[in-house]
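Next up is one chain by itself, shown in structure tokens, the form predicted on its own.
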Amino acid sequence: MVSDFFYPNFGGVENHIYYLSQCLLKLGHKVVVLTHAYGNRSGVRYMTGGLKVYYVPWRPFLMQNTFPTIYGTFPIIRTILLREKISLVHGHQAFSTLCHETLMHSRTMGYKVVFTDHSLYGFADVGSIHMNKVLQFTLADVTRAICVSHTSKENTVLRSGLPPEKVFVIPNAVDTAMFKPAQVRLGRDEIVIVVISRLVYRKGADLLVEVIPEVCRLYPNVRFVVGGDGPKRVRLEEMREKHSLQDRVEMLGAVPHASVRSVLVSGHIFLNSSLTEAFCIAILEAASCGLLTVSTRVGGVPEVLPDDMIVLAEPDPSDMVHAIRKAISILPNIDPQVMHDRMKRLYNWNDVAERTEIVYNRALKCSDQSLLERLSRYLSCGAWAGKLFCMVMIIDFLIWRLLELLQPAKDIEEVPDVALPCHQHGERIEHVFH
């Protein structure tokens, strides 16, 4: 598993990598995570279940991403892949420069690679155009790809030009043992609406600025709890001051992941105002805690929950207020424990791991390709971009041959495998996933 986004940083991608890795370990696979250093956390660390994590000593450059060097990461990535006897590399998140570079070097070395896309992107703005070209470069030679929703799959195929048959849809899941309802059911004299999100434009923080005052005006018994931090927090603070809602809008700031459940169980309704979302794990966590969800109808959100567990609205203040009014009216019919039990059956990390394992097996069965066969894929990426991509890959191939000359693979000491009591059908599985 490779990504710039992993613990101790918290988020949907970080949780996905951790829980998927833990379930793959239980299935009998060896899993190694590769990420960049976080503060003084550098080197090799071990997590629960024997999960080995390489915190490579590169510092984040922008938004938790390492500085793109293209070739600078190749020597250490090659060493880790050979030392750990990796057979497949799984990269996560299109934002991650470490993911893109590792997948590129891995394909040069002949490894099978799988990529999981966790986000949706546009097509018109300058940032999206450049990001889509980078994704097209990475996915031109990827073995298989995974998306977290059907909307995300459609978006990825359109952006990258990847054949749809190479892309699989495997949703996220939730740890229902961690996110469970409060033992004592909350009264309804005061209705608490919970918001836990990064307070940024993409997460719809500007919508909250208009929705919260209107809901508070309509319902004197409604109170908001807002968890999260970001550049848009100032606007929410100003809104609270302007409408004198200090006693009805509680601003918690950044909420550690370990405390998310305690915040969720203090409320009746969970409000998600995202403007774009491939899946949204936060909705799963809220539903697992027994909260009725009100969310914007964007991206893959309509695919996440059954209709009786979520009220959808357009990303418009008046429509969101109407959705909250509807949610308050049906709140008496919601049983948190029944909702939690349904989430147990709907979303399970073990099921996600088993489906991901099928993708791994299909990737490993793909035939090896020569450099010339791979270059033909890059040429199809555009008149100028195709030639540039080919040049990048030829240089990468020459660097790999130089590294093989300076330090042959046979001279790199392999790490002895630690035998874990994880078996499937009575046999040890030998594939090693990275």
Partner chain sequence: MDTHFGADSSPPPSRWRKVAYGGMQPGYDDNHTDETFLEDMVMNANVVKRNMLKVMQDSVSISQYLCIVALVVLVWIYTLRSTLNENSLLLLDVSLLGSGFIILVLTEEMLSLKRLLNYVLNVSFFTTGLFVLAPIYQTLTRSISSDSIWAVTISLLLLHLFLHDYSGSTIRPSGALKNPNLTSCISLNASIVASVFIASRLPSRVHVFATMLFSLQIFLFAPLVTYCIKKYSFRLHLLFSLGLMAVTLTFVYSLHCLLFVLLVGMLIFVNVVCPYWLIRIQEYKFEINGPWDEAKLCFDITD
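It should be emphasised that the depicted structure is a prediction, and the values quoted were computed from it without experimental measurement. Residue numbers count along the first chain shown, from 1.
Separately, the form predicted together with the partner chain exists; it is not shown, and the next lines address it.
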| query | finding |
| --- | --- |
| Touches the partner chain in the predicted complex: P332 (any heavy atom, 4.5 Å) | no |
| Partner contact for G299 in the predicted complex: the partner chain, 4.5 angstroms, heavy atom | yes |
| Distance check, Q136 to the partner chain in the predicted complex, heavy atom within 4.5 Å | no |
| is_contact(D175, the partner chain) in the predicted complex, heavy atom dist at most 4.5 Å | no |
| Contact test, all of L25, R45 and G50, partner the partner chain in the predicted complex, heavy atom 4.5 Å | no |
| The partner chain: the contacting residue among E210, D229, E237, D341 in the predicted complex [heavy atom, 4.5 Å] | E210 |
| L218, L186, L158, M251 - the one with a heavy atom within 4.5 Å of the partner chain in the predicted complex | L158 |
| Stretch in contact in the predicted complex with the partner chain, which is absent here, among 175-183, 84-92, 276-284, 254-262 (heavy atoms within 4.5 Å) | 276-284 |
| Neighbours of the partner chain in the predicted complex among 89-110 [non-hydrogen atom within 4.5 angstroms] | none |
